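For reference, the chain that follows is the form predicted on its own, supplied as structure tokens.
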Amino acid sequence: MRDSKVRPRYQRIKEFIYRGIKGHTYPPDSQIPAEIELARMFKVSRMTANRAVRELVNEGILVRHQGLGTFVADIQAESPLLEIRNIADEVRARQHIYSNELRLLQKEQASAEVAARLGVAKGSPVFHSLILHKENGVPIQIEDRYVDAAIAHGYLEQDFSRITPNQYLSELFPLSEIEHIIEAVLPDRQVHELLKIDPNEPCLLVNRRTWSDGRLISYARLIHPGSRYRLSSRSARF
């Protein structure tokens, strides 16, 4: 009787390529082994290797260049500037895999800077979360968020591996106003270690504040690696 847990052979090749991308053996724009070489490495038919590569191309992980070979796609996420979208939905809309790491979730006293940003008195209770968002295992955003504890009472009880702060707050407090201030910055040590980027790679920093019915709900610093993210806007003239 065949073991139902045995992975299909083409899936083993896909996992090998996934690991290579995540471990930077195959960085963006680098060429992966040819199908004939993959078939030899895994002792499978050329057809099996072709299926693995074809599925990764269809998922947007790889891209074929006629006559040159198959390369790792340069994933550069794009977010609309004039609206707020849930980053998990953005990633999944590209047919990619979303995941995150919760690095911090706690109650604090607002510093002078945070108090000014949130419109509360210095020392007021605020909730602070730090989440690393990933696309296909690659970090694309650090979300450093402060929320007024007097408004979003259940923030610390949320499972942010299942629901993002954006989704949770949007459901409780429908958006009525948004402010974006965008800067180009160099990463500090924590940022370049979390995003796994060179210390000299420029980042996009989006300072975002959101209101609901005139109440200032949240202040977030969203930090993106410049090589993996871009912001876009589109407006009509009347």
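All values derive from a computational prediction rather than experimental measurement. For clarity, a rigid core is taken as the largest C-alpha set superposing within 1.5 Å between two forms. In this text, residue numbers run from 1 along the sequence as written.
As for the form predicted together with the DNA, it is not shown, yet the points below apply to it.
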| property | result |
| --- | --- |
| Partner-facing stretch of 22-30, 204-212, 58-66, 183-191, counted where any non-hydrogen atom is within 4.5 angstroms of the DNA in the predicted complex | 58-66 |
| N50 within 4.5 Å of the DNA in the predicted complex, heavy atoms | yes |
| Contact label in the predicted complex: R9 to the DNA, heavy atom within 4.5 Å | yes |
| Partner contact for A34 in the predicted complex: the DNA, 4.5 angstroms, heavy atom | yes |
| Proximity of V44 to the DNA in the predicted complex, heavy atoms at 4.5 Å | yes |
| Threshold 2 Å Cα movement between the shown form and the other one at H192, rigid core reference | no |
| Shift of A39 between the shown form and the other one at or above 2 Å (CA, core fit) | yes |
| Rigid core superposition, A49 Cα moves 2 angstroms or more between the shown form and the other one | yes |
